[in-house]
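So this first bit is one chain, no partners, the form predicted alone, shown in structure tokens.
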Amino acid sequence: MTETGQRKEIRAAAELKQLLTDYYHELDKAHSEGQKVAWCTSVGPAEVLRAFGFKVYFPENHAAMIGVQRAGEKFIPVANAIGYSPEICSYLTSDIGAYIQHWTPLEKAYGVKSIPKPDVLAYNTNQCRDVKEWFSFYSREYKVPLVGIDSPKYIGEVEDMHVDDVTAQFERLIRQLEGITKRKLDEDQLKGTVGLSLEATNLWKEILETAAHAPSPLTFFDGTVHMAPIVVLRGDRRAVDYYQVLLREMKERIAAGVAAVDGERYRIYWEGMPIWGKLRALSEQFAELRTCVVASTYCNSWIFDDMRESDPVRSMALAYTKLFINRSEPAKEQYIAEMAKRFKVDGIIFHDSKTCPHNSNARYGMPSRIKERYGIPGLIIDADLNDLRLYSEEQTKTNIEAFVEQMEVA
């Protein structure tokens, strides 16, 4: 056990560190070993790229690392200076700014001095338009092909017409990659890759759902760290192997009565993006308040349990189209209400990320409606995923303390 306010480390973290070190070193050596590299959006067509034999790199993961190392505000103005607005995604601007300045967080984290040169870039706009513009910049810089999927937006119920549309786009993307690689897609390879994605995603889902136990064996802040394999190694056997280890540890914690937050009194749901540069500070504050942030929309965004090895292309189209960020306001509200009930939460934190409006759900009255309809109080935190200039530490700390106090007297 640890003192109140201290982060409780997960044993599997050491294995995760080695796993990610190996992954980034493989990318670093790819071209020298005659392998091709594809860049992919985090909820993009990674399975297809792996089936073609590409090593797959995810700029969003790189951008999050820039945020963790609190370097965003150093590089965002560099991208602003070449015409990228300070109001668009700070993942995009911090990543492009770091590229222009020949800097990468990979060096400090893994001893890798540069990002891998892409041979192709593949996006999916199910998150937002910004990822397409982000990848378009690098397509021009490196003079390599850009392919992708432009998903339907603001969907309520996902209907056949939506899945038909995205399936056709996946099929077109496959034909484009066949032209780029000069090889036909191995359908058995794709089925195997999709099968590994499903296996990993089911394990990740089971890990996250251990937090429904009281006290919770893990926090949202743990999830933002341990979600890395489901992002960067989706479709790779190593993600499955890692999550088997992590799930075992979470079950051991439950059996032994080990809580992620000692003396857990209150349970919170986190809606929206992480504030990457403040994860530790926020984690420690909630621990001091004996309040566990047990679940989030963000970490659950990589649960793609609609994938099917028997029908890989259409099932990917369905899974990637059902993504929370791609849904209508009523669909999102229903999802959050169901999650709040499942994880027995006492309140919801809504992070209004100033440069990520697509993943901020406090702007159209949702916190008030949820409180009125379900009796769950909410707190809106004004901040950003990477730009800490938009974050007031003292104000946020005070607001969180007051929010917890309100739950005490409720």
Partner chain sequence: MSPKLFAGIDVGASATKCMIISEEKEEAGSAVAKTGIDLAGDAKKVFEDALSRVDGGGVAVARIVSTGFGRKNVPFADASRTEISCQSLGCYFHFPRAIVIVDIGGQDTKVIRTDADGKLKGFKMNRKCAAGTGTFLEEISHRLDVSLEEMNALATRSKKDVEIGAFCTVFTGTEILARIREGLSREDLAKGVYKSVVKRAMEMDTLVGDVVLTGGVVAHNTILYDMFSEILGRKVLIPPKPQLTGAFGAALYALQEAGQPRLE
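This structure is a prediction, so every number in the text was calculated from the model and none was measured. Positions refer to the first chain, counted from 1.
The protein also exists as the form predicted together with its partner chain; that form is not presented, and the subsequent description refers to it.
Site residues Asp22, Val37 and Ala46 are none of them in contact with its partner chain in the model of the complex, judged by any heavy atom within 4.5 Å. Contact with its partner chain in the model of the complex, defined as any heavy atom within 4.5 Å, is confined among 373 to 381, 22 to 30, 47 to 55, 62 to 70 to 373 to 381. Among heavy atoms of Leu390, some come within 4.5 Å of its partner chain in the model of the complex. Mapping the unseen interface onto this chain, Asp346 falls outside it, with no heavy atom inside 4.5 Å of its partner chain in the model of the complex.
Taking the partner from the other structure, its partner chain in the model of the complex has a heavy atom within 4.5 Å of a heavy atom of Glu401. Looking at Glu394, you'd find a heavy atom of it within 4.5 angstroms of its partner chain in the model of the complex. In this stretch, 322 to 354, the one residue having a heavy atom within 4.5 Å of its partner chain in the model of the complex is Asp352; the partner itself is omitted from this view.
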